[in-house]
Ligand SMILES: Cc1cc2nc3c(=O)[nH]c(=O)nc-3n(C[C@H](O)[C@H](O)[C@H](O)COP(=O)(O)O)c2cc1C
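For reference, the chain that follows is the form predicted alone, supplied as structure tokens.
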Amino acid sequence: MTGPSDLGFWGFVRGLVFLFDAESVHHFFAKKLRFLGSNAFGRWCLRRISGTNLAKARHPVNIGTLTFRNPIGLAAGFDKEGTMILALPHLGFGYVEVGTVTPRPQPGNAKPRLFRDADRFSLFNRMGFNSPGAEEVAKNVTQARASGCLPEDFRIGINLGKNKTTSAEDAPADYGLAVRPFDGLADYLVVNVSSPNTPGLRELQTVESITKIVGAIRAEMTNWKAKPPIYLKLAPEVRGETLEHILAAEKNLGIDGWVLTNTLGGYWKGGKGGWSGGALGTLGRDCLERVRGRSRLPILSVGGILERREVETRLARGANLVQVYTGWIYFGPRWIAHLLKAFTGEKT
């Protein structure tokens, strides 16, 4: 697994930051990105650091009435609070999926809860939907949009979840509450019933539960002037008869597309959590192919994308867009510009 042939300065920086706790490093860089994204000089610095040319980074993709700046987005889980939005276009991203957002604030699981497996270019997390709550995240997204600094066609998705203490029976109401503050703010929505880090959440990956949740979200959006599309995010373990049942009911679910897939459930460092990056192998690609064989709805493909050729493969096999996260951690700020060369014909 390789990123750019020359990691440059990031190779040195990575060696240092990997000496520290993964979540502490994440928060450190999140604060830096928030600051740099908030001012013109900081955004210029980000473009220099990442090798991003805003004009060359625009490779539009049309999905329905939406135009995405380019096909490479930052997956949910990195910017949970919507504080880094202004920085991301200047690092080369075409869109971001903020969250997972819960209706009420919750701290998530006990620390430590984020780990690296450098031998497999992977991350293992058991974060547990740590979130400041939907109202706070909506304020951050509002500020980003009101700044007037977002480039043309940079899109913001909102990934929705339920609170840990909410029962499966009450889950639809939680998703409705979570979406409520995002009227006029979200370009698309994602129903997350597939994280392995919230007890009982994956039990909602049934036709009956999904239909009720999507229905609750649509009911909340009844009076919205613009109604964003709703995508469903599944776990990589959903396959066989379970997946076939969901696909067969696609028209009745009320969804507009798919996000495939979430992290791979497992155990590591003494607890249950989810794997991203190289540990997924080809599971993300395999799920994309199975769903594309049955569905004509848009698909956002995520999971196990570590190389430029994998981006090309996912798009060639039916993905409309791709999302990355773990590869960015390992290969550094110039990696997105490296991936975007897939659309310009430039050599690595």
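Keep in mind that this is a model prediction, so the values were computed, not measured. Note that residue numbering follows the sequence shown and begins at 1.
One more form of this protein, predicted together with the ligand, exists but is not displayed; see below.
Trainee: Based on heavy atom distances of 4.5 Å or less, which listed stretch (291 to 299, 318 to 326, 57 to 65, 38 to 46) is in contact with the ligand in the predicted bound form?
Mentor: Only one stretch qualifies here: 318 to 326.
Trainee: Do Thr100 and the ligand come within 4.5 Å of each other in the predicted bound form, heavy atoms counted?
Mentor: Residue-level check for Thr100: yes, a contact with the ligand.
Trainee: Quick check on Ala76: any heavy atom within 4.5 Å of the ligand in the predicted bound form?
Mentor: Yes, contact at 4.5 Å.
Trainee: With the cut-off set at 4.5 Å between non-hydrogen atoms, does Val141 touch the ligand in the predicted bound form?
Mentor: Val141: no contact with the ligand in the predicted bound form.
Trainee: Is Lys233 close to the ligand in the predicted bound form, meaning a heavy atom pair under 4.5 Å apart or at it?
Mentor: Taking the distances in the predicted bound form, the answer for Lys233 is yes, it comes within 4.5 Å of the ligand.
Trainee: Only one of Phe93, Trp258, Phe129, Phe182 comes within 4.5 Å of the ligand in the predicted bound form by heavy atoms, so just point that one out.
Mentor: Checking each option against the ligand in the predicted bound form, the one that comes within 4.5 Å is Phe129.
Trainee: Using a 4.5 Å cut-off on any heavy atom, which residues of 244 to 274 would contact the ligand in the predicted bound form?
Mentor: Contacting residues: Thr261, Asn262, Thr263.
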